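Two forms, one protein chain; structure tokens for each follow separately as structure 1 and structure 2.
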Structure 1
Amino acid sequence: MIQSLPGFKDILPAEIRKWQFVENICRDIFESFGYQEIRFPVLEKAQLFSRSVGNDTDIVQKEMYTFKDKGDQSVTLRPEGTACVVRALIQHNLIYKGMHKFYYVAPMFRYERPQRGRLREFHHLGVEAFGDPSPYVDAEIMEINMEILKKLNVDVRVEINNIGCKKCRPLYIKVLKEYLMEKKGLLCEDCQRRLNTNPLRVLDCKKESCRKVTASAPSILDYVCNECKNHFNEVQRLLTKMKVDFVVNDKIVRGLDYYTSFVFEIISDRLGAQGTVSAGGRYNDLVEELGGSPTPACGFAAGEERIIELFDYKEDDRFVDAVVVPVGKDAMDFSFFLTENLRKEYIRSEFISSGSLKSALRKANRWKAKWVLIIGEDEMKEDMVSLRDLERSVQKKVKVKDVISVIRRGLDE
């Protein structure tokens, strides 16, 4: 028997409504904030991610699904969405066309060890805003997150940081590297390599030995420039006015190199080691680095699988509202077209074309249908339908012209 690959998961009909519920809430909130949906290819040129995410990140070094296509071009299954949106923004000149706020609901791919809340194919709910350098955009991004989690009744904590910009960060990297070099022997093999390529990545390491070393490392907050400091202070002021509880964690650097200034992680303690539900921040240099005009930007991506796991959903396991059962061959056409009319009114309906009335009722119960519509010779002569309410175990005859309104009223009760 052929089974799915490790880290890839079927989303079955019994689960899909929970996914749709989350996605519908997110779409409504995104669009209420003025964001427009964008869809981008699953496959991109590999250099898009090595240039944006960072050559020395774990994503590029270890996790990307990168391979040569039949044209001998290096391509990658997208591991994240921000770089894809920026590429589309530049390619289609979207800022010039007046579009600067986007959202996406999309699968991503990373070759990681499958574990709770982290699969090799996973789904991001993300937004990206371009063109506005003000802290109000950062606050808006946070407000969107909090609104989603409030609607879903998910408890989280918010951690934020200021990681500076290309003007002030080099000095901090120099100081951090000097500190880490003295403790090099205590770092894991990966972090010893990162010391020479990107010391900031050491702060992102989750291994306990490295976390002990970085716990006493110099704080980046002591080295940021006045511009970054003022921006971060304003974001904190706005979050406080919005009544968002947060803590400043000077070890957050995010796992992607394009971030600047304000960054954040929204974390749940119910997910174990992989507790980040949503994360993001500013990336003011990325558009220019990928070939566009200098454009400030801010965004986030939330892990849909993690949100799905965290919120309690009262499952509606009924996938059929009404089952139409013809009794006798002469009732077949009438029943079939009645079923079609129900479906056109968005009443989930199933037409039983064979078998006995008894077997049809068994199917209706198994599908957890509310109604069974029985149509025989007598019903057709009277232009009626025998309508059985399975939940109340009652049956009555209803005029065909009234069937839809009766069913609709019963479903809404």
Structure 2
Amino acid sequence: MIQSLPGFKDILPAEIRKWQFVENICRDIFESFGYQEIRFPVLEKAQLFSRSVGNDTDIVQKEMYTFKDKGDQSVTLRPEGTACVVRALIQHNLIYKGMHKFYYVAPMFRYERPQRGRLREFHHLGVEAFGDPSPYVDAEIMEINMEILKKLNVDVRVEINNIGCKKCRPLYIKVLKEYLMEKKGLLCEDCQRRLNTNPLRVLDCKKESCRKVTASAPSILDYVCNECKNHFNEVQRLLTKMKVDFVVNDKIVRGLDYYTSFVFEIISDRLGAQGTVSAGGRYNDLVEELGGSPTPACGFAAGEERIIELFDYKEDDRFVDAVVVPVGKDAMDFSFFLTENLRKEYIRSEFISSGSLKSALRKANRWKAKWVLIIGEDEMKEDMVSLRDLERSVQKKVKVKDVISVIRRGLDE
């Protein structure tokens, strides 16, 4: 048997309504905030991500689907959307055309070991806002998140942090590294390694021994520049005014290098080890770094699979409204074309071409159909159909020309 690849999942009809439900809610909210949909290619030049996400990040180092195409060019299946949007923004000069806020609903790819809440192909619901450095944009981004989670009635917690910018963060990293070096012996093996590769990551370690060390480590909040500090304070003020429950967690470290100052994570405790439902922040330097003119920006992405796991949704498993059943050979053609006419009226219909009436009714019942149209010798003679309402278990004969309007009325009830 040929199976799907590990970490790649089929989304089957039984769950598709749930996906559509989430996507529709998000689209409506994004658009009400003035965001426009953008679609970008699945495949990009590899360097787009090494230059934006950061060459030393795990995403680029070990998680990307990167390969040479037939033209010997190094290409990558997108691991995230922000870099793609920024590329499109620059390439098409979108910001000069008056477009500055975008959203996307798109699959992403990362070569990781699959586990609960983590797949190799997964779906991001993301938005990006360009051109405005003000904390009101950050607040807007948070508002969008809260709006989605409220509509889906999902219980989460919000953690925020200020991770500084390219001016002030290097200073903090230097201080942190010095502090950690002194306590190196108390850190776990991984963290001793991280000391050199990425000292900020030590803050994120969940091991008890390391947490003890990092608990009294210098906080980034004391080292950020005035600009970052003021921005972060303003965002906090707005969040409080918006009645968003948040905690400042100065241990949050995002796995992507492009973030500046405000970052956030929205976390659920009901998702196992991978609890981050949505995350994002400000990235004021990225557009310039990718060759555009300096443009501040802020955005986020939510994991669709993780959101879907969080809320209950009652499936409407009816996918057929009416089942047309000919009884006897003479009714076949007539029934077939009657089915066609129902379909032209957008009444979801199935034509039963074989089997007993009993089995046809069983099928109709299993499909949760509302109507069964039974057409046999008698009905043909009288130019009528026997219209059975499966929900009420009542049946009556209806003139063929009236069938559609009767069904219509019944479905609207």
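Because the structure is predicted, anything quoted here is derived from the model rather than measured. Each residue is numbered by where it sits in the sequence of structure 1, with counting from 1. Only the largest set of C-alpha atoms that superpose within 1.5 Å between the two forms is called the rigid core.
Q: Quick check on the two chains I just loaded: which one is the form predicted together with the RNA, 1 or 2?
A: If we ask which form is the one predicted together with the RNA, the answer is structure 2.
Q: Once you line up the core, how about Ile163: does its CA shift reach 2 Å between structures 1 and 2?
A: No, its C-alpha moves less than 2 Å.
Q: After fitting the rigid core, is the C-alpha of Gly355 off by 2 Å or more between structures 1 and 2?
A: Superposed on the core, Gly355 moves its C-alpha 2 Å or more between structures 1 and 2.
Q: Aligning on the rigid core, do we see the C-alpha of Glu37 shift 2 angstroms or more between structures 1 and 2?
A: Comparing forms between structures 1 and 2, the Glu37 CA shifts below 2 Å.
Q: With the two forms matched on the core, what distance in Å separates the two CA positions of Arg211 between structures 1 and 2?
A: Value for Arg211 between structures 1 and 2: 4.7 Å of C-alpha shift.
Q: After superposing on the rigid core, what is the C-alpha displacement of Val202 between structures 1 and 2, in Å?
A: Here Val202 registers a C-alpha shift of 3.6 Å.
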